[in-house]
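Only one chain is shown below, in structure tokens, and it's the form predicted on its own.
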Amino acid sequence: MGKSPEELYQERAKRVWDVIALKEPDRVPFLPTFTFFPVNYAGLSCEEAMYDYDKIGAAYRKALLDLEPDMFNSPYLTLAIGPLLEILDYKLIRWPGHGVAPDKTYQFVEGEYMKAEEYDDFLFDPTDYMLHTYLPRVCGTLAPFSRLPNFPMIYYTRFVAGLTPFGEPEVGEAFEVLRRAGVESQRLVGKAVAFGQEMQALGFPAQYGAFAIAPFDYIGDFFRGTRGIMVDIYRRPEKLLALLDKVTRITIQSTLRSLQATSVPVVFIPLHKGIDGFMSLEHFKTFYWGSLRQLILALIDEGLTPCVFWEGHCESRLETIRDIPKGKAMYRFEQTDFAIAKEVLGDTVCMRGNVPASLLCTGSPDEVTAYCKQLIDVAGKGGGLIIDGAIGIPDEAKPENALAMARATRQYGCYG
């Protein structure tokens, strides 16, 4: 007689939590992250998936039931966002039907959305800056917000003149856009909650309860742009450090608030600009690791588990990034050599990854199986290893290779 969904749920959850705590589980967990792979696997277009909440849910359900990972990630808050992007006329993303072909994933549009001379504005009042300057730049339908009053100065009878912008038709239309976006957001979140409940009933725990981003990447990705923030390291380092401190405190606060709505104590933190070859180790320690470590430690102090995704290579960072409490986090690696990482980090943090995207897209099932077996042999001794794709399961991965990855983990990852 097979195990019940409740038994499978408890078994899978224990397996993952054991390996994070650097205990030896019954076997190596299989914990793939999906983006558009389930969409392609189900024969949908990316455009359908981003706009049809029911279709993307069915696609993810099929992939999860076929691959049987130890935990699931939900598609709703990161992929099924087409209607919201359209309502806001969002500038930071080009998506299927809006700058990208219907069968292609959405693309991030980097730019200098905060000028160098605006550091002080953000530092003085981040909310005012976001409302008056940033949102009008990145959301076309919210451009009228640049005309809103200076709210701290609407006191006593000054509210009479201060409220006049709210009477402008364009400002009223912008608030109506926010209302429509809010209604759509409620619908989307409702679908996400229902999907999570369904997956739990089928025996799958959730991978993540919240999302955060390294403070340096927050500024470099979404505000200053890559060129801007790298120039700032040399031209205005004190301003950058001050902003990193401000953003770190904001990120910690907002992440803890977002987790009040979920019982999943894992925070996913993808990293972009701190890898080998992007900045020197000295700059990494000064501008990147300090604020990221502060974020990681704050989450751990709250009883949470950070899952930190080190994209690219970061062998030169390993000695530095081992300075965290033992058995309290996951480090997910894309291209870092697991033999080296195991030697440096094996007694400190659970490692996750790093089956290459190229292998999953162009290799054979036998090659995928051999790679997974070698990875387990090299880094699985005593626990502390989770099998995942280097960047999750690539959108274009061959289905037979994803299935081979799942089978190989179960076949070769058993302990005892």
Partner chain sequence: MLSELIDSIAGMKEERALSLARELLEGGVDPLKVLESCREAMTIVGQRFEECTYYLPELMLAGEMLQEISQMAKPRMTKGLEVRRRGRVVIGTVQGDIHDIGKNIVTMLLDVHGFEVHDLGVDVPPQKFIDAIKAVQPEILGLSALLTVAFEPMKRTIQAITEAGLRDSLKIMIGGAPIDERIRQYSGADAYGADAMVAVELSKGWTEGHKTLA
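Residue numbers count along the first chain shown, from 1. A quick note: this is a predicted structure, and the numbers were derived from the prediction, not measured.
Form predicted in complex with its partner chain: not shown, discussed below.
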Item to complete: Could you work out which of I233, L256, L271, L131 is the residue within 4.5 angstroms of its partner chain in the model of the complex, going by heavy atoms?
Response: I233
Worksheet entry | in the model of the complex, the one of K328, R322, K342, H283 near its partner chain [non-hydrogen atom within 4.5 angstroms] | H283
Worksheet item: Does its partner chain get within 4.5 angstroms of any non-hydrogen atom of G363 in the model of the complex?
Response: yes
Item to complete: Mark S185 yes when one of its heavy atoms lies within 4.5 Å of a heavy atom of its partner chain in the model of the complex, and no otherwise.
Response: no
Worksheet item: Would R227 sit within 4.5 Å of its partner chain in the model of the complex, counting heavy atoms only?
Response: yes
Discussion item. Residue-level question: is L359 within 4.5 Å of its partner chain in the model of the complex, judged on heavy atoms?
Written reply: yes
Worksheet item: Out of 106 to 114, 240 to 248, 140 to 148, 295 to 303, where are the residues with a heavy atom within 4.5 Å of its partner chain in the model of the complex?
Response: 106 to 114
Worksheet item: Is any part of 273 to 311 within 4.5 angstroms of its partner chain in the model of the complex by a non-hydrogen atom, and which residues would that be?
Response: G277, F278, M279, S280, H283
